[in-house]
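Listed next as structure tokens is one chain, alone, in the form predicted on its own.
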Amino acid sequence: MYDVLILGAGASGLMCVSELATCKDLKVGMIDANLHIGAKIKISGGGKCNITNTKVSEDNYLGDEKFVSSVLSRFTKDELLEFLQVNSLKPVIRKNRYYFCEKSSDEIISIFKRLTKNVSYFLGEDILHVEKKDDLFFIKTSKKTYSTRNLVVATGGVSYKTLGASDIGLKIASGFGIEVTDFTPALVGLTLQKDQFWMKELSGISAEVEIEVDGKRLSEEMLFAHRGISGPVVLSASLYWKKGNMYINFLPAQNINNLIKNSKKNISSVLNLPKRLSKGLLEALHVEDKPCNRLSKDELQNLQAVHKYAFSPAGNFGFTKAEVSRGGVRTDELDTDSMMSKKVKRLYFIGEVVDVTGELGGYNFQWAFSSGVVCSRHIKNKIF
């Protein structure tokens, strides 16, 4: 029998178990379907793991703002960076905002391995069923059955099925009468309606744009792909889009009227965009590519849409291409001070399995680490 068992050896589970491992009197175990810990950490960020961001707040997440703010405030970005520094990892900053491991994600995984060397790992075991009898939880896996006083569910979402991802966390919650929101793909490319098929002809081209969706404004690179649109800004926009229009500003740092004013050059030449994009966009806006000083009143009006091009995606690329899963255990079912279920004592949910999803850029790892620490500290304080 264990004092604490953690289901899932991803970011949230590893941070949680690392904190618990400091208490040598605790018998702690971790179960995961993979043969190695930190499988998703290892491949994230091109193998260098985008750990967190220079600016982190509840505004970067889809979820209950008060709940998110409370959890993030208990283990902040600065505290995470201090934790890494104490453990001899100094992340590098890219694009002035993203923190990555300098060499590879193995740097952070090795920290967790070292901190949890006294933890019992049960790897390569699928979690089949969880139940509670009297004061103990019983976890049946593909190999055996374990018992524990405290159970932490850190099983993540359903993206990356090749890494053993599953919806077992939602099944566990539902089995205890805890309400959940079904998983849907998030941080994923978007497919196009017929009116936007012109974008498919631009496959491989990228541009810095601003996207407005559901009251959010997001700025970064958009990539045109054969299936639709992708790139960092689109992945973040997909988090907030459910249905209806979103808007693209193709020239967020400039004003189209200033660019064309008194110019005798063709419009495609004055737009600070890749040539193929300029021509495709003008065609979509029904504006002839001709000298700026020869534009008609209607064409001038149509050209304004370069700052607010409206379109409604047909859908997304699906879970096979999604970075994370949106949805999870509802936050109103959890105590914000502990991540413990309000209905089932000593049953905790942390990380991606919770209905909180961050934008692209290290926000989901920050959430995983913060929620893991909040959970572990509560368990330690309660036991000791």
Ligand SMILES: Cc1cc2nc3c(=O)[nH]c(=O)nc-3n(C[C@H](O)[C@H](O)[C@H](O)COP(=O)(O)OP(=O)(O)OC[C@H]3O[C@@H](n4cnc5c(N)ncnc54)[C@H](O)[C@@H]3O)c2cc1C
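Predicted, not measured: the structure shown is a model, and the values here were computed from it. The first residue of the shown sequence is 1; numbering continues from there.
The same protein has a further form, the form predicted together with this ligand, not shown here; the description that follows concerns it.
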Against this ligand in the model of the complex, would Gly10 count as a contact residue? Criterion: heavy atoms within 4.5 Å. yes
This ligand contact in the model of the complex: Glu210, any heavy atom under 4.5 Å: no
Please determine whether Ser376 contacts this ligand in the model of the complex, using a 4.5 Å cut-off between heavy atoms. no
Is it the case that Gln196, even though its partner is missing from this view, gets within 4.5 Å of this ligand in the model of the complex, heavy atoms only? no
Can you pick the one in Val28, Val56, Leu347, Val324 that has a heavy atom within 4.5 Å of this ligand in the model of the complex? Val324
Could you tell me which one of Glu125, Asp106, Glu299, Glu220 places a heavy atom within 4.5 Å of this ligand in the model of the complex? Glu125
Residues Phe183, Tyr240 and Gly318 are flagged as a possible site; in the model of the complex, is every one of them within 4.5 Å of this ligand by some non-hydrogen atom? no
Stretch from 153 to 161, 259 to 267, 88 to 96, 220 to 228 whose residues place a heavy atom within 4.5 Å of this ligand in the model of the complex: 153 to 161
For a quick check, can you give me the residues of 360 to 382 that have a heavy atom within 4.5 Å of this ligand in the model of the complex? Gly362, Tyr363, Asn364, Phe365, Ala368
